[in-house]
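The chain below stands alone, shown as structure tokens; this is the form predicted alone.
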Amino acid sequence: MADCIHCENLNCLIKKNSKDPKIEDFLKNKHTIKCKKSQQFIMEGTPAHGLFFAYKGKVKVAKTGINDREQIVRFAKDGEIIGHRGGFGSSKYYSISAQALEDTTLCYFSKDDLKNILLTIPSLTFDFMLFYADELSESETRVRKLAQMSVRERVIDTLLYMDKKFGSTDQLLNVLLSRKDYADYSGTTEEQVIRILSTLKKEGLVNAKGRKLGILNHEALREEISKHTFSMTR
């Protein structure tokens, strides 16, 4: 079972407040869920009963768009929240789907437990408020990005985002995504992503080893999208 008290995910909102004595009973009601790679643990449109935190692993969060096309809206890593737009709040259904990108361990809290603890621990409530404010700002920025960037710029921005989000080892990103995943996050087609990546490799800006990608020249890529001051590369 994932232990919140000794958890190393210091950015997790639950971990940040785990020393509060009022949270002890709440943590006893937590469920730990283990997902295999590619396993979907949230299905869009299904009843929302609670909220997930990634204890260990990587997750992609997607939403169905026009013509039933998948649009990846965000990614989550250790300590981050999944399902917050349906799993907590007034919505009765999940508006997104969520799938493990690798073997992943999740912490799950029911809506009722979350409601009770937020009414009890003001510091946790405040942390959630800041989280939702940041999420709203992030969503607004992403809409502007998709509207104003060229396809090449969106692919570059996505690569920089993945590097910032998951980090790199030996010039390869620490996340394994398909070219379709890159397309679904960039708001373009798989064919366009393949063409742009091929061009970036020829220009010596991007590295590839099998399905894994890496950045060889961060400065050049950042410079190319620098006019978009709202870049999503945090």
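Bear in mind that the values here come from a model prediction, so they are computed numbers and not experimental data. Basically, rigid core = biggest C-alpha set you can superpose within 1.5 Å across the two forms. Start at 1 and count along the sequence shown; that's the residue number.
Unshown form predicted in complex with the DNA; subsequent notes refer to it.
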message = How about Pro21 - does it come within 4.5 Å of the DNA in the model of the complex, if we only consider non-hydrogen atoms?
response = no
query = With the cut-off set at 4.5 Å between non-hydrogen atoms, does Ser137 touch the DNA in the model of the complex?
reply = no
request  = May I ask you to check whether His31 falls inside a 4.5 Å heavy atom distance of the DNA in the model of the complex?
outcome  = no
ask   = Can Ala62 be called a contact residue for the DNA in the model of the complex at 4.5 Å between heavy atoms?
value = no
query = Any idea which of 43 to 51, 190 to 198, 166 to 174, 23 to 31 reaches within 4.5 Å of the DNA in the model of the complex, heavy atoms considered?
reply = 190 to 198
key: Whether Val151, Ser178 and Arg211 all lie within 4.5 angstroms of the DNA in the model of the complex by heavy atom   = yes
ask   = Under a superposition restricted to the rigid core, does Asp170 display a Cα displacement of 2 angstroms or more between this form and the one not shown?
value = no
